[in-house]
Structure formats: structure tokens, C-alpha cells
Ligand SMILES: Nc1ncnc2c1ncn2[C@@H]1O[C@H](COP(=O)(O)OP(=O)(O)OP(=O)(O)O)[C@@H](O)[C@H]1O
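Shown next as C-alpha cells: one chain only, the form predicted on its own.
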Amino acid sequence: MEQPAGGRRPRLVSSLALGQRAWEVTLEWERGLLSWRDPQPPRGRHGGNCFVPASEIIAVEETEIEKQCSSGKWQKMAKPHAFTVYYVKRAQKHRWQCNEVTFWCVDEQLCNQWIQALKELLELQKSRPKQLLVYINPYGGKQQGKRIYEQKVAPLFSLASISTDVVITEHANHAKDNLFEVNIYKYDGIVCVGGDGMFSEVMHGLIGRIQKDSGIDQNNPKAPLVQCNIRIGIIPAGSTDCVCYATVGVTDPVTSALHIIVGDSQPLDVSSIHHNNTFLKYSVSLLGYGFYGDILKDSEKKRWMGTIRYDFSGFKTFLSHHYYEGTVSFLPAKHTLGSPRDKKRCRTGCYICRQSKQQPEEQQKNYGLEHNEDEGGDDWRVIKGKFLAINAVNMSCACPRSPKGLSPAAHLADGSIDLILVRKCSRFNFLRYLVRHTNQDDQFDFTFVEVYRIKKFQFTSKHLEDSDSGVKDVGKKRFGQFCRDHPACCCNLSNSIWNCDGETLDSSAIEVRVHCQLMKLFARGIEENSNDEAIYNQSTVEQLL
């Protein structure tokens, strides 16, 4: 071991056995880096220089050697000592795996020295959770949540010395209600095992609990909500896992578990939805009226079909081709960097999201000064029309079938919503718009599609406007009933419903406001080049072992 300079921690360098040969293994405290190099690679092969950042080491354990190596100086070891390092290995398509490498030492003292040094380095990773509260939905998706957790996730948590309290949910809103009762502050995070519905339930419970404890009235649409510093981890096990896909890049339980273990933190914008000063729901992905609301409404009646119900209901809704009349008022996000059409996608370490970090503090300072702005002024825009779809997204809403999502350049934590208005058009043109969600063409490049980056918006259906103004037309009501009985005709119905993160919301008049970085996930956003050779050169190690 090299001597420390100037009081700094030492740099640990040893010749250790990896497989059948001696490797030079180095632990650099200042850089937080474990690396190993083969000084004499076999003829015809390049030398391997492999490294793992301490932030991605999962655990270090002493290992018993049952079989001695039979070549070189290592066969002289009467009783070799060894330790195993478990670390994150990147695979294809943003997947992470738990990999391991075992080093053999000449004597016990050296082995213990390495184990102690590595464990001390892991103790410095303060963002890692030590105690988690886990909610498992055993009924969601293909009803595999409990099995996925027990077989794929729990062993990894145990390896990383994370203690857990597990709750198997028994009914709807079980997790939400439970979060108002337990002592959430003794946990480093909340983990939900299920789909987007399960995540939404945990999110509502956690945000609601924090606001209650802070004395915040959620029914006040202008109240500045208190940030939730307790992170939420998502283990995907549902029919849809949109939030997990948009924040990690893949819906893989092992990958998500490893992001939790290493203590990743990804801030996330949350939109609050109100009606007449009454809180309705929170949304983090899609708030859709018209097309996506009709799909959800129809699919809810066909749960017996499983996940194929979404395809069936989507095709049926497309053929129906209903449009809805209403008024959309919105406040543009003037001070937010970027635009919905700039093609700057949100990725790990996103510059635009980092620049928005101070927004929550400014919202607290400006509380009480936004009254005139909220009442409507020169900055507000009003659009009346006939719409096939009104979509407000906090994130791209990407999924395996739509890799770009509804708004490819939407950001996870920039304090804005992308509002997409699809006006009434022909069925053929609407199909062209939908197809562009699956290819690389600009899906907003249509005369009937408008997209805006906003901070707040309000919507009122024409049916509700007419009701408020006392307009009553018996003939229109009868014609509306005829259309509902014969949905294949292309006409407007009175109302759709809102698709709020995959859950129904019936109100036709809503007020929506985005809260910048209100909560945090155990994630880091989608990595730009997750398979880059420069991350670690693990293939060299695997070839030589």
C-alpha cells in the first residue's frame, strides 16, 4: 500500500489473483475507483484495464475458496484467501446486471485489508438507502408482483445489507391509506412493486402525507406544495410501466432494484389537478382528454381481456373518431429552457432540468404574489375549438411501442408541461399523426396539431359552458343520445373523460398546475450511451477468466 500524502487517504495497490493469473488491483480513494489491470496479457490479446466506480459497487464479501488454482505462483498457496466484489454491469438497452469478480490474496492480512478498505469506501456513499418500506401489489399486471420481488429483488437488497418492511396490499388504496399511518420518516425510501397504478397510489399517499404534516391544504390550487425528500423506487410488475420506462429506460426489475441499491436520485415534476377549489389527483405522465380518455374508459370495461384490451379499445376508439368541443386556457412557460420541438431529449444529468432546480424555492418566495397571474392576464392564452385529443404530459411518455413517446423533448424536472392539442381532422390524417409516434418523423408537423410548453392550464368542455349559461336544446340532447348509441359516426359527444396516468377522471372542467421537482425517484434518467465501451471494459475480464 502506498503511503498517504498530506493526510489524504492512501492509494491501495496489490498484485492479486484473478482467475489463473496475477492482476494489478488498485483502489483510489480520492477518485472513488476500483480498477484492475492484467500486466501480462496472453499472446494475441490486448491487456484489460477494467474499472468500477465505488458508487456502483453493490457489496464486498469474504469468499471461501474450495478449489485452488493449479498454475503459476498461485499453486503454492496452502490456504488462499479471497474476497468478492459485486458491482453493476451494463447490458444492452439500458439494462443493469449484478456482476461479480473474485480476487485471491496471498495472506489473510492482505485480504482483510482490502475488504476493510472497500467497505469503508461504501460507507461513504451516503445517498444509499439502509431501510426501505416496500408495497407489493399481488394483483396487478400478470399477478407476478410477489414472485418478482421475492426471486429477483429481495436477494439483491439482502446482498446490499438493506433492511425492508414489506406490505402486501389487499385492496385498492391500501398503500395510500397505510402511508398516512406509518412513521415514514424512519425509512430512506418507499418501494412499490407493480404498475403505474401502484406507483400512483404510493405517490398520492406520500405527497398527501407530507402536505398534511406540513399543514398544507391540498384543496388550494395556488398553495406551494412541500417537496418530498423521501424517494420512491419502482419495481415494474404491471400491465403498463410508463413511469419506470421514462426514468430508467427499461422495465426490468433487476435494473430498477440496482438503481435503488446504489442510491440514485431523479427529481420529478408533478401536476396537481383541481376542480372548483377541490383537489382531484396528481399526475406525473399523461393527462389526456378525448382519444386517450376514451381508450381508457372503454378498456376499463374489458379487464377480463388482459393487456390486449388496450389494443382492442384503441382500435375501436380510432374508428369512432369522436371529437369534443371546449376551451383551453394556458400560461406559457416563458422562463423554461428549451421547447417541445427542439429535439433535446431529457437524459441523465440533463442540463435543462438542472437549471430548473431553483424553481421550487422561488415558488415558495412568490407565494401570494401570483394571484393576478392566476386570475388571467396578458400572459394567458385562450383557445376554443373542436379537439380529437388534448394531452398534457410531464414526461415523454415513451414506451416500447412508442420509443419517442407523446412528446419526445419533454423533460422530467424542468417545471413545465407539454400541452398537445389535436384538432378535429380526417380519420386518415389522425392515423398519420398516430403512426409518427412509432418512427423518427416529427409528430407535431401537422396543421391540425399544436404543442406548447406551459406551467398551468384550464379546460372547460362546451357542454359545461352551455349548461352554465342556461342553454338547453332538447333536439341536441336527443341527437347526442343517438350518437352514443351509434358510436361509429363522426360527430362530437358532450364529454369525454380524462386519462390521468392510466386512471379515470370524470370532471369536464379542471385546473392543472405543475410543481417543479416535487418528488424524487430512485433513478437517474435514461443514460445516453449505456453500452459504451468506456464505462468498463468488462468483456476483457470475461474473456480472460
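So that there is no doubt, residue numbering starts at 1 and follows the sequence shown. Keep in mind that what you see is a predicted model, and the values were worked out from it rather than measured.
Another form, the form predicted together with the named molecule, is not on view; read the next lines as being about it.
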Proximity of Ala413 to the named molecule in the model of the complex, heavy atoms at 4.5 Å: no
Any non-hydrogen atom of Lys126 within 4.5 angstroms of the named molecule in the model of the complex: no
Any non-hydrogen atom of Arg309 within 4.5 angstroms of the named molecule in the model of the complex: yes
Proximity of Ser239 to the named molecule in the model of the complex, heavy atoms at 4.5 Å: yes
Per-stretch contact check against the named molecule in the model of the complex, the hit in 155-163, 97-105, 192-200, 383-391 (non-hydrogen atom, 4.5 angstroms): 192-200
Answer option from Phe446, Tyr187, Phe279, Tyr139, heavy atom within 4.5 Å of the named molecule in the model of the complex: Tyr139
Heavy atom within 4.5 Å of the named molecule in the model of the complex - the one residue of Glu61, Glu28, Glu56, Glu503 that qualifies: Glu503
Members of 154-183 lying within 4.5 angstroms of the named molecule, judged by heavy atom, in the model of the complex: Thr169, Glu170, His171, Ala172, Asn173
